[in-house]
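The chain below stands alone, shown as structure tokens; this is the form predicted on its own.
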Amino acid sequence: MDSSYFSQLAKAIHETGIAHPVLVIDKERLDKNSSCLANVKSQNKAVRLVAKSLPSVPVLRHLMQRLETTRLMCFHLPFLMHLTEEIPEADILIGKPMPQRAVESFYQWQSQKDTTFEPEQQLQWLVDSEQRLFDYEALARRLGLKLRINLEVDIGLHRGGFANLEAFERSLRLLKQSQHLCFSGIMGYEAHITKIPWYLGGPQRAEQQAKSSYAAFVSVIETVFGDPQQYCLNAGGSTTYPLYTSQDLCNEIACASALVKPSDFDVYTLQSHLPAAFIATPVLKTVARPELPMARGLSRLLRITGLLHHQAVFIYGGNWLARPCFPEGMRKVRYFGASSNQEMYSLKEGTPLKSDHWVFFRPTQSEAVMLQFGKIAIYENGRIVDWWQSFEYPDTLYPLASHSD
């Protein structure tokens, strides 16, 4: 990447007075990436933002406004609670099947909150099997609830969900008759598509099979409920959303990571996207001719062979789910091992890096990394313009266990 970009970014961070590791989101790049995602609307698809991958209410609100959507996908009970309080207008689809106790905990918590969020209209629980459907119905009957149910369908990833059309149809008919559950739609995830090697058929064949499987499930919905387009037909993901056209049967696309493009999302489908999230951290110490403990001769040999560079630094922090991206050629000194306190990185000889200078990393994923930093620096027009808070856990989620003497 362009060294002038990181020089300007380092200058902007320095001007804030910050002197510790910080996560930065480039707002201009974020907006450019969201403009790419907005193109799905021309294919008659709505956008559902995956909250786990962008766990920050200000980030989500900014993107919801740009993409003109209130649809979110949530994967974590504490974050579901947080979102219903902070974004009560959201339409939320749970992205993985939740334990019964988690479902019950949410309603117990929600009954004590003064919020405009209405689960019967705004929340869909994901169900992956007939047994879970029976369990959810029993729970809803016991609690006197009406649950909206979205059925997870396996369209090739094989991570769970309905794979058998007969079992899927039985579940639809149960939902049609139930007094406590109602059918809200389906979710089919196919993150495997871009990763299938040629000797297994390659991405094109994987895409064809996934879409064919999805169409088969939609056909069963039509048989049982009539027009499937009146339901939530969710598909896609950050690496696959560009593959969908108006000819495909889904009516909404899930996406989030692509909007900040961590390094795990450097795939052919996202060539129009730019990396928009970086970890910046100061250099603590510079080291000339780095040596391993008790191994001066071996260290010299490693430097001669190029396995250990002639210049290294210790950085503030480390061991993140991230890869160094500036200065060019910086790499972890694996002989020293990982450290979350002060990690060692080797440099190309002649790299003009000194103590208190900044180095940069690209997260490999966004969901865990964003939560590590608390507040996110928002970079725009050459300066840090704001600090946006990442998700917080509701205090009321953590009662003490009751006991009797």
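None of the values given here were measured: they were computed from a predicted structure. Residues carry their position along the shown sequence, with the first being 1.
Below, we refer to the form predicted in complex with a small molecule, which is not included among the displayed structures.
A heavy atom within 4.5 Å of the small molecule in the model of the complex is found for one listed residue only; from Arg101, Arg334, Arg159, Arg142, this is Arg159. Checking Ala256, Ile186, Val127, Cys250 for any heavy atom within 4.5 Å of the small molecule in the model of the complex turns up a single hit: Ala256. Partner contact region in the model of the complex: 49-57, out of 49-57, 346-354, 23-31, 64-72, criterion any non-hydrogen atom within 4.5 Å of the small molecule. Remark: Pro282 does not count among the residues lining the small molecule in the model of the complex, judged by a heavy atom distance of 4.5 Å or less. With a 4.5 Å cutoff on heavy atoms, Gly95 counts as touching the small molecule in the model of the complex.
Among heavy atoms of Phe265, some come within 4.5 Å of the small molecule in the model of the complex. Not displayed here, the small molecule is approached by Gly237 to within 4.5 Å at the level of heavy atoms in the model of the complex.
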